[in-house]
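Single chain ahead, written as structure tokens, the form predicted on its own.
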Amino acid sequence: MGGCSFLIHVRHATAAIAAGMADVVLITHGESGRSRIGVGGQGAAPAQPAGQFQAPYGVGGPPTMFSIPVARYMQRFGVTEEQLASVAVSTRKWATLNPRAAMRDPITVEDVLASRLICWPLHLLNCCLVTDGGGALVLVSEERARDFPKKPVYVLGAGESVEHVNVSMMRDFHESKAYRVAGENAFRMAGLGTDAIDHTMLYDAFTHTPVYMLEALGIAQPGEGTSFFESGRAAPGGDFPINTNGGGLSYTHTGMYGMFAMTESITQLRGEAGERQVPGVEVGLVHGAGGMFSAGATLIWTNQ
């Protein structure tokens, strides 16, 4: 399921533990996105749907595919390149507080627009990093967690959904149905509304993906997701902190980012985030993407 696989693993692991099929589940991720050690060839095989129905028309990697829906989204809602650039600027402000972030120098909207054009409307600083990295989570029952030295984080709700394979198969270029369905399931399972969320991690493969997520999760109205970043609400000191580790745009992105979004959420819930710690975090939300807007997964958890 691509970059949201690790969130889905958490959902399946909690089900297995609740059913008595497992006591301890280890979820791991390691990927040499930058050094490419052990990585095979790239591109869609001719026998695959993407190889038959997309590759012949000139798409050549995620930027050329993720740019298709956002161009339509901008046209419909009047969203500008400057507004999308504000997402990268807000996220970089968090990265300056994270000593582990790959990119820590402050940037402006002008810097984003002046960076090399990759595939309109995506400039270099609209795109995630390419890095090596890894992470891991251990899941156990609530009873078992009481024996551990660190304060546990409790899973309240989880959802997952898949909509399509090829980006050209999206039902609506203005939204991801997979994101919406996953979020609805997670909120329903948790028994909470969006107003209960203290801290949010959204998979930012590109500057528009967290915008789509805010809207799909019901946190922002259609066409208004960029307002959280433009206004400073998502940045340090704002009332709705988003991507506090610096995100895939500035912290790390190995090719699949979901693990890193989860570990930052857990770090915040444990109060271990250092200079970037958000005060009073009790409920965290993580939303991940898989493929080319193909899949979505949502987790809601708490330290209470």
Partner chain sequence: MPYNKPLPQATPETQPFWDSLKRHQMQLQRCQDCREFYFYPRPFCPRCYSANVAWEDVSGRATLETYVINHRAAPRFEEDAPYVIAVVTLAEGPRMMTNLVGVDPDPGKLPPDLALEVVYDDVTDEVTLPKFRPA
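Everything numeric in this text was worked out from a predicted model, so none of it was measured. Numbering follows the first chain given and starts at 1.
Quick note: we don't show the form predicted together with its partner chain, though the next part is all about it.
- Shown alone, this chain has one stretch from 217 to 225, 169 to 177, 187 to 195, 89 to 97 that lies within 4.5 Å of its partner chain in the predicted bound form by heavy atoms: 169 to 177.
- Only one of A145, A71, A114, A136 lies close to its partner chain in the predicted bound form, with a heavy atom inside 4.5 Å, and it is A71.
- Taking a 4.5 Å heavy atom cutoff to its partner chain in the predicted bound form, the contact residue among L129, A101, I118, V155 is I118.
- In the predicted bound form, V278 stays away from its partner chain, with no heavy atom inside 4.5 Å.
- When contacts are judged by a 4.5 Å heavy atom cut-off, A55 counts as touching its partner chain in the predicted bound form.
- Although the partner is absent here, P46 sits close enough that one of its heavy atoms falls within 4.5 Å of its partner chain in the predicted bound form.
- At least one heavy atom of T64 is located within 4.5 Å of its partner chain in the predicted bound form.
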